[in-house]
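The chain below stands alone and is given as structure tokens, in the form predicted alone.
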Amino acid sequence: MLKKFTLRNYKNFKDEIYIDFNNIAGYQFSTDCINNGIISKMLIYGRNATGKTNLGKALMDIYVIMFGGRIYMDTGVFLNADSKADSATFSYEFEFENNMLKYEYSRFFNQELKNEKLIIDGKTIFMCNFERAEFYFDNLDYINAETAIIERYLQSVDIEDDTEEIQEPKLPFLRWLTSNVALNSDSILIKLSNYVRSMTMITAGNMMLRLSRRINEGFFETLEDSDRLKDLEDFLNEMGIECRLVLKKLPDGQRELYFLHEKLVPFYETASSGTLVLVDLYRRFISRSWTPSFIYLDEFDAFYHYEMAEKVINYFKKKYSKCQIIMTSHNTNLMTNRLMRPDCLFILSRSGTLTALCNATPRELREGHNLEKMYISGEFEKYE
């Protein structure tokens, strides 16, 4: 699991900001927010433009480093506009069984790698400084990767090519290592790779109306299975949307989803925004046969009534009990010990700090405290 994430000089985060999933208090309620002594369910509040979406993008940056592609590639402004530093720094600390892994790297304004380092159980496995062309690979045997042909990697990054031609982006050594060395199935790098590959982020919105026909058709095809269609129907009913669904194949071969009444009612033309977002969550998460490791749900309840938002949180806590989930919201109705707990509820400030509610007041917060009332009355205003 991810134990700590640290970020500096990225977008609106000029100074260091970190999320310490290991920093829990001794609360005896809402224990389903904790897994093996680590925060697994977190809710972040923040005013508009505090960087809730940027924080999610930063957390997903390791996916880009390890696997490339454009799924989570950030194409906007990368570095903080008020900083003189030439790079953004990312640091991830993981715990896999009894092993501790720390991976950190820096990237320039064009997202080119400046350096990267891997530390396992306190031992530096490798270190690459691409700016100075300095490399350290002396402890690859610690992870049974001593067979790596380092010369091939150094050729791939062209460290001695001083021509002025446009160079390819530097290939992260971690990506190269996991792709070119036969690691043991129980290797900590395989565990890291599996975890990162199963990380995902979604920003809530009325996505279903903007989906291409091809994507809709792929989803509709899965709903031809009567059990899957019933599962979607049960999910919507559990969330408070009382309905019955029917999938029909039209004369032109396309499929269409309907509400079942005395007459069939086209689903996507008549469903509310909140219902469409629920279906999008189902399509992107629940309908897939996968086990996510980390989910960042940005403003997940933007289209929900607060009671539905509570149902969604409880559903995700139950279905993905071992998955680390961070949700962001403006809905203070969710700031309650019935759902979360003060060490899992955070405030993201306009100055770029992240503070748990239990650390945002001199009071000792207990189960009976009305956290929403305290928030609205300005109890935590200092940390906004």
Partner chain sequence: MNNYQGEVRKRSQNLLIVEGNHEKNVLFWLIFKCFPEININMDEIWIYGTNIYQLYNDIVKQYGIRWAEENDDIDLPFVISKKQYPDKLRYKEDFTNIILVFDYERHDTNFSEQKILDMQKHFTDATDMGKLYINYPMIESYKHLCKFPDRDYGERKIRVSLQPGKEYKLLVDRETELGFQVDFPHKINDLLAAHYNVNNIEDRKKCCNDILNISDTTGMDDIIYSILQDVVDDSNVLTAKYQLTDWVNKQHYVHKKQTYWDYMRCVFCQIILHNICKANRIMSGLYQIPEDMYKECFDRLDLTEILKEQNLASKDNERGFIWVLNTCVFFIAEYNFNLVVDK
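Worth saying up front: this structure is predicted, and the values here are computed from it rather than measured. Residue numbers count along the first chain shown, from 1.
What comes next is about the form predicted in complex with its partner chain, which is not displayed.
- Although the partner is absent from the chain shown here, 363, 376 and 384 each have a heavy atom within 4.5 Å of its partner chain in the predicted complex.
- Of the residues given (318, 322, 338, 47), 47 alone sits with a heavy atom within 4.5 Å of its partner chain in the predicted complex.
- With a 4.5 Å cutoff on heavy atoms, residue 370 counts as touching its partner chain in the predicted complex.
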